[in-house]
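Read the single chain below, which is given as structure tokens and is the form predicted alone.
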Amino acid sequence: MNQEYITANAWSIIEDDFDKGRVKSSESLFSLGNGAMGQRANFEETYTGDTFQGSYIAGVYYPDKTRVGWWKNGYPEYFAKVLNAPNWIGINVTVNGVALDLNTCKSITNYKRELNMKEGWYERSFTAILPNDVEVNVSAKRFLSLTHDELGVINYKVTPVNTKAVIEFSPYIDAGITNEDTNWDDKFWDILSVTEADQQGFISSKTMKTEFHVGTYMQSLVFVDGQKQNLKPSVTQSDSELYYKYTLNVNKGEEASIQKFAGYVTDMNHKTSQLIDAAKTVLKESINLGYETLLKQQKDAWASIWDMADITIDGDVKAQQGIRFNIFQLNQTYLGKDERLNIGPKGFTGEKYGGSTYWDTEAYCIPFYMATKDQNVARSLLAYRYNHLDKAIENAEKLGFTNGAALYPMVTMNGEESHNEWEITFEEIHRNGAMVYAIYNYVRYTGDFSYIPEMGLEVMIAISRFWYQRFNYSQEKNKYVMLGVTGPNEYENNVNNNWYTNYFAKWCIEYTMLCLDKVKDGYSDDYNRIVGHTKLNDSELDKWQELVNNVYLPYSGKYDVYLQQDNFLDKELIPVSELDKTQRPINQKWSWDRILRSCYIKQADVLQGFYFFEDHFTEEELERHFDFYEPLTVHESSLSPCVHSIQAAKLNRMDQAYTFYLRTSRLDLDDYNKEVEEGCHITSMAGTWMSIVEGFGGMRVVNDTLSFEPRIPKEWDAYSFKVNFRNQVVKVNVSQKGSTFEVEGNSTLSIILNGEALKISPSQPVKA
């Protein structure tokens, strides 16, 4: 049974009662971020119940030394951990000397959390009776500023209901924090100083080993019934904490409130010696602007994002809430302002997976950012990998590859491989293909081929060299084979000739050779530079060509499908529908040995290849493969339902497409995998966007032209979305009665609609 405590609402995530058992889940779901920092929705005041404290700074990490019982050459030396950063949200509250703590209150009523996605703020409110029988109304609103991305703001209000009260607010910053996950219980932070002056508090700290310097800061204003109080607080500090205490005497029904301005400054953006000065500048600007102005700026900034990124769904509130939650979290995680940053699979919502960059970015996220922002954001994500090319070559060298071959990491912060699971680190090498596909996808969508001679071709050559060396020639098959890999389906490890990996590798080399010819013809200076640098020659290219002409792709004549791997048909093919429901999810119920011997597929594998290379196959081939593999797929990866939704829509199986859409869009809201307390699945959220735009909307790029084959689930009255295609914004409206296409700006745009070429002129929508 999935959780269903989140109230259906088109623009907000709402929890309307307090349950100690789901505090950690809600901390994930109500998380905030602004691309530069983020935090789980921990309570500001003391909470002695079960909680998962988490505040994070983009790009700041620690290389936690790998912990295994054995060691093999090439094994990653560390796992890159996103760090739980110093806590700046804390505001301890006492009422008549008794701590406000929802774990110890006699009663809690009128409890409500709201994450307002339209305006970018989070608010919690409740009525509580404390152990001393004082009844209080409490509300706390919080946001992380998009316009001042080093700043967070809290407005915390307490009103005594049944008596006058002495209310103490103790805002604090605390650098004595630890990660939920650590291999060796290492100390991640070194606290350098704790200082305060003029009611401004600062903690200077640095990460161990990586030596990121961070300044955590705060300043607060206090009010009674909206009137600012000029109080001098008491100060308490230790080697790791700094507390102020403001004491307010309030009558029954009077509102005591505190506005806290706080956040981080880092040496990624400022000189180390000037961090405190930088924090003081942020505080001065934010205090001068004031809470209400900052909140209005926040609302305006989010309105601008939603104007381009929103997807509307009429007639299905849960589906509407799901897609907006996904879009909101993607924008909280990454805004494309800093090419040093990338998109972690948990974003700022938790620490699982280390918070590092996976192949998810290239396979799932780039299309979302390309279409809802501008091509420069996607280009920055590609440049991130180009900037790590030397490290990718080093990664391959550690495994014995030569001649500039590159293996991009499964997990990274700085380009080095830092994944700790053997079967993934060494065998799940299909990630290399995603790097090349992202370049291809970018060029196809934006028309910007210039990226390839500037940066992309060097990446493609290095990856092609890896693939060439990773294949070996089989005398038995008279073909080139690839042994000992793990495909996207991680429920099969160390298999031979995973079709997806073999096909992807073959395509990568073919696309590289195609681009080499285009660069040679049109960008001769770049071509000479690249060939000179890489020492690529005709002899090597001839060997590549001979390989791609003879790559082995496992196939079953009996079922008329490509086989997931050589021995797939040695398995007992029992559909998932015949599995006892008490055995699900199998990754929590079965031994790993049993999973590996089963036919069950964690996520799209062969079908992932059919998604990427849809135009290589007929619709009949897609249908045949879908019917063979989907019944064997348990969808226990967050990345699986979106691909199947897109393909089901392509096959006009709208009931199935809709079911998969709901699962991907509400994966976290309904906690399908029973793990949301660890954080949200940020990268799969981009797949949710694709399931509407590419699935239901049928959007593709065909011969440099935007193409649509719109369909609509019977559960919806209508839906709409916008895409930015080559600097022209197209708005698509689909209803049960038909479709409308509009183009913004002053230029006409050619599109293909259901196979027919059309032109859209500004102010002249096309209806179909």
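Keep in mind it's a predicted model, so treat the numbers as computed, not measured. Numbering starts at 1 and runs along the sequence shown.
Keep in mind that the form predicted in complex with another copy of the chain is not shown, yet the notes after this line are about it.
- Comment: 489-497 is the region of 446-454, 250-258, 489-497, 92-100 lying near another copy of the chain in the model of the complex, near meaning a non-hydrogen atom within 4.5 Å.
- Looking at N230, you'd find every heavy atom of it more than 4.5 angstroms from another copy of the chain in the model of the complex.
- A residue is said to contact a partner when one of its heavy atoms sits within 4.5 Å of a partner heavy atom; K72 meets this definition for another copy of the chain in the model of the complex.
- When contacts are judged by a 4.5 Å heavy atom cut-off, D521 does not count as touching another copy of the chain in the model of the complex.
- Contact annotation: F617 falls outside 4.5 Å of another copy of the chain in the model of the complex, judged by heavy atom distances.
- Here is the short version: of D560, E546, D570, D198, the single residue with a heavy atom within 4.5 Å of another copy of the chain in the model of the complex is D570.
- Though another copy of the chain is absent from this view, in the model of the complex it lies within 4.5 Å of a heavy atom of just one residue from F212, Y243, F426, Y78, which is F426.
- Residues R470, N472, Y473, S474, Q475, E476, K477, V481 are the ones in 450-482 with at least one heavy atom within 4.5 Å of another copy of the chain in the model of the complex, listed in sequence order.
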